[in-house]
Structures are given as C-alpha cells and as structure tokens.
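One chain comes next, on its own, written as structure tokens: the form predicted on its own.
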C-alpha cells in the first residue's frame, strides 16, 4: 500500500561527484511529514554548528511535499532549504509551478547537495540516467535563457529549477527559479546554490506516486473543487481602493472568510489587494514612514488590479491547483512578456519607493525574475537607499550620479539594474539593507527595515500586529507566509482543532491591538499549521478558504493510511517549528535579535494615516508566543522538557 511519500532522498556530493540514496524510515515521516519538516530533520544534525552558509559544509536541498501528486488539490509547492546566508539561521523558500511533482517522479522526496563543484554543473535525472553535466555554457545566462537552453537540450517534458546571475554573484537576496522566472525568493538560498556552482536541476522522471486510498482522495478533492468553483461577480478594479478606504474608517471589523479573497484571487491574482491594502494600511509606504496620505488613490490608481489583468494574455494554474491566480502579461520594451507581478512585487517596487509608474514595475519584475533576485528584498533595499539619499547619508557621488528621490522612476530602475549587476552602488546594496547599512554607517541602520537581515514583506504589523509578531519570532524571520490575525481567521482551524478558540463574527478593531493570551494561541496555531502545510506542499492561498473546505488533515490520512487527529498534525507542526528554532540556537542566533525594525512596529507611532498612533506590543507578544510553545519566555530558546516531549534530541 502506498503512503503518499517516496520513502527516500538523494544526496549529491558536488565535490566528489558522488550520488547516494538514503531510505527514510516511516516513523520519520510520521513525526516530520515531508517538505521542510523532513528537511529540518535531515539538516539539523548534518550541518555543523557555525558552518559557512556559502561554504562546502552547508547542505542545500530541493524538497517536494507529502501530498504532492496524490490527487489532492493546491499541493504543487516545492521548497528550497538550507542554512540561510541572509539570516545565518534556518532558511527555506517555496514556490509553485510544475517542479514539485517532478521531484517525486524522479523517485525522491528531496534532492540534497553537499560540497562545492570545481566548475559550474547541473544535475540531470531522467531516462535511466543520473549525472552531473557541465554548465559552463549556461553560467551568466538569466533564468529564462537557462531554462530554454536546458529544455532544448534535455527535452521539453523536463522540469527545471535554476539560478540567474544574482545567485551566481552570491547576492544574499537571490532565489531559485522555475517555469521561466517564478521564484522561491526568500532566505537567500539562490546564493547557496551559486556558491556550490550548481546552476540548475533538470528532472524528467516518470515514477508513480503511491497513495493509500485514492478513492477517498478523489472524494475529498471533489468537495474542495466545488467550493473553489463558486465565483460570484465582483466589483471592477477601480473600485477596490474605495473598499479599502471603507474598511479603514469602520470602527468594527467582520472576521474574514477566505472565500472573499478566493474570489478576488481568481479574478485578478494577488494584485487584487494592491489598492485595498494601500488604503486600509496593510501595505507599507515610503520605506514604512508614510501612509495612505502619501500614496492615496490618486497615486495608487496606477496599480489598481485592472492595470495588470488588462494586459494579461493567458491565465495559468500551478500543478493541482483549481484556482489559477497566475498569468502571463504582455509588455513593451526590452521584454515582450512577463509573469503577472505579485502583490508583494508591485508594492515593494511601487508604494514603498513612492513609484507610481506601472510600466516600470512590469519591467523591474521581469528583470528581477530573470536575475533570480527577491523582489521584496530588492524593493525594500531600494527604499532604504532612497531614504539614505534624501537624508544626506548617501551623496550623489556615492550613488553613481543617481538622483535617488522618492518616486524618481528612472533612478529606481537604474538602481535595480545596478544591484543585479553588482555594479557601483548596486554592489553595496546587492546583499540587502542590513549588510548595506553596516557598511554605510552614519546611523543608516535606523532606515534598514528588516528582521534578522531579511527585508519585511508588504504587510504592516501596525495594521495587523500578527504580521509584526511573526516577522520577529519565526526561525526564518521577516516573512508574510507564516501567520497573522487575518490568517487565523481565514484558516478557521477551530472547526477541526476543538481546543482552539473561534473568532467572533464581528469585533471592535481595538481588540486586534491588545496583546493577550488568546493572541499567543492564534499565532502558535498559525506557526504549527504552516509547518504542516509546508511539509505537505499545500499552497497557503488554498488553505485560506478554511480547513473544512481545503481538508489538509483528511487528505494526509487518506494519502498515507494514517489515522491521525487534527491535534496530532498540529503537534507535528509544533515539532518542526521547535526543531527549526533549535537549528538557529545551534548556529549561535539569539532569537531576540530577530525582532523587526522599530519603525515597522510603530516605535515611534505614525502621526497620520490608517495606522496613526499604533504601536505593536511586541515584547509581550514575543514572550507570550515563546511561552505558549514551551520555550523560555526571556530567551526564546526551547526548554529541555519541551524538546523531550517532542522527541527532539
């Protein structure tokens, strides 16, 4: 009987050119699932304390999810893992597309790389072959060019993950691409791949993915698909800003059901939130110093969602996704088309830099995707540089003559181009704002908005303190893909995990800003659940429609033949999160050091706009979060009894 997973991983020693299959015992999957959970289990003991993230001792991996290929839906995410050169601790990043099932069809739940190759290589698995091939001719090519050349060479049925020039040049904000520019962007793992001289991985296998109860998988997926198919008419894009403004002025708030966001995702993709977020205070403006007053509807109208879908040539779906929020857009100039920019990219390169030129956002989006550089960190670092220039910390001579003023589109584009090339001021900024501020000095660190070295995503903790908390406490800090009060509402976990509190259907907004015991329960639940999702390969957007509509726990039981309860799965998530925290402790990280930049937490508070006067009670929230996990409330380090309870050695 199949169990959904392949039962083994492949280790590739790039220094020796050796391959070694390793069988994984069933009990490991029962404790850690697959994906980032299995990766944490494998890497925790094998990467020595203090190992150089860009050295031969670091292990870089590409992982599939336990549910990928089992007949479940929303389960096409693949994950890059390793020690992060950006934060110095646990690093992972995930991405959709078509690469995740290819890992399992090659026969593995994960492919991991040790050592460093003497010359550029790529790994090929297919047609009964497994070999490292010379990639000297690919070195220097961008991610789109690389994939096209490899498909021409290996066959167009193959799936490719690769790095662009940013990874080759060891930019600490580099990621890994698939499907011609879709990027697993965070944690700087593209630089790890570059440091190993590993240009790409090409997979063309055809192994069957075993499942315990395929009929039950179909039944569960059919129910999920019906919910996703509900698509009532919705307002045009130019009205979304008014929705955001209305939500901003209301004193009360309804608990969010993710079905509304699903409707918006299906219609526009993640850009659906561009103007809503700008108006209601979710998206940070002007390097987190501004508000909707600075980037009001007269400016944000240029990024309303219709701007992006009007030039959409075709929509696309990731593997096993019934929703299809992706799209290919036509554009003019150097490139003829680009993946539809994501919300994060638009706001990082738009409102954060006070740039209202949508054409430039399309161009920078494609440029960064091809380079394999994280758009969030690139936009955040550009905004940091602009503020340094505006305040006289950087001079025109130091910016290579660029007039780095807020909203100077031409200068922002030139700056991004220089960062990709590591040219002049771009070389200073190519490793992110924290590293740049350490080199610049002069008090510039106040304007580097990051947590643990990683630039914060485009969701403001002063609007939803859950974002500020998770930016500060997650072992991979600064990310929006872990938790928030909004996410707790949409996951609706209390409908399956009976110990969790339900959210009131209608509540006063002030309740969001009170740091109490219930918030610790919410944030712990989000962290645990996201580890279950990332161990299974489930897309967060699918999970947003609620645990009863996207039945992750039931799918896991049907795929594996297990009979675990929702509480059992939440404990697995707790174990994975705790092991990642232990990974960071092992590598010398003090958890307190990951606390996000003061400005992002409302210290001092903004004087106007949607988040006027708001300060996140971050110290109490962090202590409560750590306490609820069984970690020391003062240090954030897991207690001995907690490790023993979870079976972590």
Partner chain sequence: MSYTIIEVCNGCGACKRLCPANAISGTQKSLHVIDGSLCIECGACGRVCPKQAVKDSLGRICTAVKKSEWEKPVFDHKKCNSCVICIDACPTGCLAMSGAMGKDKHGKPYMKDDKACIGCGFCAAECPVDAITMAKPAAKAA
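Positions refer to the first chain, counted from 1. Keep in mind it's a predicted model, so treat the numbers as computed, not measured.
Below, we refer to the form predicted in complex with the partner chain, which is not included among the displayed structures.
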*Heavy atoms, 4.5 Å, the partner chain in the predicted bound form: which of 569-577, 288-296, 440-448, 205-213 makes the cut? Say which one.*
205-213
_4.5 Å heavy atom contact, residue 309 and the partner chain in the predicted bound form_ = yes
*Examine residue 93 and determine whether its closest non-hydrogen atom to the partner chain in the predicted bound form is within 4.5 angstroms.*
no
*Within a 4.5 Å heavy atom cut-off, is residue 320 in contact with the partner chain in the predicted bound form?*
yes
*Is there a heavy atom of residue 324 lying 4.5 Å or less from a heavy atom of the partner chain in the predicted bound form?*
yes
*Listed residue that, although the partner chain is not shown, lies within 4.5 Å of it in the predicted bound form (heavy atoms), from 283, 187, 72, 355*: 72
*asked:* Exactly one residue in 266, 339, 133, 248 has a non-hydrogen atom within 4.5 Å of the partner chain in the predicted bound form; which is it?
replied: 266
*Within 217-235, the residues that have a heavy atom no more than 4.5 Å from the partner chain in the predicted bound form*: 218, 221, 222, 225
